[in-house]
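Quick setup: one chain, the form predicted on its own, written in structure tokens, and binding and motion questions come after.
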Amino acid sequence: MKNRKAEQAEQHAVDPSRRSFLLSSAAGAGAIVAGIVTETKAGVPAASIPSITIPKEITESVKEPAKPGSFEGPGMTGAEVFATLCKEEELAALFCCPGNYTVINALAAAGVPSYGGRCEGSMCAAADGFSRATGEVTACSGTEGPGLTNMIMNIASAAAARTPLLVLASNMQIAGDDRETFIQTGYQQPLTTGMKKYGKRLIAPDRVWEYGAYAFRNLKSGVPSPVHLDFPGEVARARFNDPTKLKDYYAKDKYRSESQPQPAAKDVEKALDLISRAERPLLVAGQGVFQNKAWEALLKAAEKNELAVVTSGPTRGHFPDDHRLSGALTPDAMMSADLVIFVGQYCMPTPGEYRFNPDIKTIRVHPVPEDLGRNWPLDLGIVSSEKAFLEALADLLPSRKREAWVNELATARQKYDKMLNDQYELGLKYSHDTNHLHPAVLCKEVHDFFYKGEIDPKQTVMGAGGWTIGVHAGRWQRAYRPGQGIVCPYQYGAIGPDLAMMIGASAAVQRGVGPQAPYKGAPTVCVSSDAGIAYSLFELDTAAKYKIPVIGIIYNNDSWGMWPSAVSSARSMHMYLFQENLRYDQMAQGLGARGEYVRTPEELREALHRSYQAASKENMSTLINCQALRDFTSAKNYPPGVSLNPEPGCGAVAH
């Protein structure tokens, strides 16, 4: 006869549902979520432990119809005037923690999709993630003082990624300036210096529409970056019954333009001439290509003249990794390129950071002239929108075959694939020898499950971060269509926003926004580390309450990835290590998500299957705790250890 535990394990193996999962969890030593009744030593039933539930107030509130403000009756508050402008500008989503109440309530009432989470910093990363997956303007919000300062790391990360992020915060009252009245007063604008394109503390209530227009003019023109507005009470709570009392109160087509800079004809001629002289031209398609939705023109131009293409930036997939002209997986071919065409490369590398021949000819296409020539000497600089330039190339380039270049790309791709598979085989040996998951094995298993199995390889949006696991994940992560790959640590290198960022990206997939429309509702994946998950683990509660299905795969090696830095410092190692065998899967259970614990490739494979079933059928998130060894980072003990990936290409994080 089977005992109860064996029956539950068997049931769990075939049914990954929330109900069976919670039942099996409740029976184990880590039972912390399900409603169970325990007994005292005297055999008297103790009080039951309530189950985790989503209160009806959440589901009912989310379904409430929009109710924007009106100048009729009591009139509109300053916050409602601003919310009306945000709605007309099609602000894609708001991520916030309570605080700045008047403004966030007005935005939600106006019909802006709104999400409330556990930490302002994580909500800022979620807004960034939504934008990275769609290219749309998003907003984050927090209370004055502590809320705004909590967001700082992720505002800086969004600035490095050139994300069009609207940062909002309340800020007490103008009447209390310089008096330290009550609590939380702070001079916000100086704190975001160097992290924003535009910022303003609003001090005149009748100019709230005017400054909203300033914000969106900056968010939707030129090279985007965060915009920071802070709202004192006198502005947010002001009342307006007459729109003529508002300064510059006119429609968006009168305060900004959709016009895009066009390339000069003589510049296009010079570009065509340089391309015609090149034998091995390479086009680096930056985030400007994605944000301007220029991927169709890119593909047409590349195929017409057989230009190799490698994408760069915080989002991947605007040129498919599996295309024969893709340079994403061909690091050895990069040195052969004799012409590079940077298009929409908002964060320019310095020569030497990219794996190019020092004598390579260079064209750079950028929407504003000020950045041309920065870091990198140019043979030709062109001021143009990315889409206009690529459409000109697609129209004017002659058809041409570059057989030698295409063959070289194919050979380099085969060599790179062999290197990855050799690393996997070595990692597999390490995994079997130690009964712990090596990062190369973890990433290959995730790769095969989402790209090589029964799931449409174009479907799943995936993001990765962390050090040891981030480096390996970058090598195996693929993007076959726009917005499919998120480079969480891009440029700023923040540790920790990964899961929150992917919850934001998942919200975009859940709503089917922009390039995510064909895959509306599909689960997303976040590969991160035990160090990183500490920063955003609690947002699994946010994912659960909004039924956002994210599969978090956590590489648990009991340490910060840079622990080798302490090897030669006897009194330092304790600062780099955690308690061993922490159970992030059980923490996830305590937040209403599923948890899985694995140590072998076989266990990971089965956990991925159960997690995907729960995500796709019940919109339920899972955290898979992959137990590893910190020594896998060591090149001495487990060669080859960890080394950064070549740039540009798959796994690039700096530019």
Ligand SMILES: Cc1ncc(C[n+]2csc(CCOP(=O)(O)OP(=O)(O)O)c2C)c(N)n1
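All residue numbers are counted from 1 along the displayed sequence. The shown structure was predicted, so the numbers you read here are calculated from the model rather than taken from an experiment.
Same protein, other form: the form predicted together with the ligand, not shown, and the subject of what follows.
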item	value
Touches the ligand in the model of the complex: residue 176 (any heavy atom, 4.5 Å)	no
Contact test in the model of the complex: residue 555 vs the ligand, heavy atoms, 4.5 Å	yes
Proximity of residue 131 to the ligand in the model of the complex, heavy atoms at 4.5 Å	no
Partner contact for residue 463 in the model of the complex: the ligand, 4.5 angstroms, heavy atom	no
Heavy atom within 4.5 Å of the ligand in the model of the complex - the one residue of 74, 373, 369, 493 that qualifies	493
Of 517, 265, 567, 562, the one that lies within 4.5 Å of the ligand in the model of the complex (heavy atoms)	562
Triplet 469, 531 and 535 all within 4.5 Å of the ligand in the model of the complex via a heavy atom	yes
Candidate stretches 416-424, 446-454, 523-531, 334-342, one within 4.5 Å of the ligand in the model of the complex by heavy atom	523-531
Residues of stretch 150-165 in contact with the ligand in the model of the complex (4.5 Å, non-hydrogen atom)	153
